[in-house]
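Encoded as structure tokens, the following chain is the form predicted on its own, with no partner shown.
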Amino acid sequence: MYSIGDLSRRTGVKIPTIRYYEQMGLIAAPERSEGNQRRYERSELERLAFIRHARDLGLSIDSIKDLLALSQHPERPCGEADRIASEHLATVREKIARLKKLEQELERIVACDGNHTVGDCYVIRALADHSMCESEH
């Protein structure tokens, strides 16, 4: 059995987040000791590690709930899990594309030699007038 502090140290998930995951139903409410301390089993440690890794990959709480539900049925095909991961990958790729455009625009507007006054600063002018940007970002 693990205390909430042990769970936190072993998984790197902060205690308030563990409590939040309990409230969201991602992990089961634990047994309580005689001193009313939460006591978790190994399965909850493993489940929390799964959740932590999924969150590190940017998966939503709803996607994690779905994946956890799927993981309870190891005999089923994994098509649904693949679909969830593929949709998230597409979202990540869209974000990367937007960030690349943002990076290009920022590189363009900061390409100043620094020999101007703020009144002539291209960064200030570009931020004030969106039409000076080369693309939507």
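One-based numbering along the sequence shown. This one's a predicted model, so the numbers in the text were calculated from it and none came from an experiment.
Heads up, the form predicted together with the DNA isn't pictured, but that's what we're talking about next.
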query: Segment that reaches the DNA in the predicted complex - one of 42 to 50, 67 to 75, 29 to 37, 86 to 94, heavy atoms within 4.5 Å; finding: 29 to 37
query: Contact test in the predicted complex: residue 61 vs the DNA, heavy atoms, 4.5 Å; finding: yes
query: Distance check, residue 10 to the DNA in the predicted complex, heavy atom within 4.5 Å; finding: no
query: Partner contact for residue 20 in the predicted complex: the DNA, 4.5 angstroms, heavy atom; finding: yes
query: 4.5 Å heavy atom contact, residue 16 and the DNA in the predicted complex; finding: yes
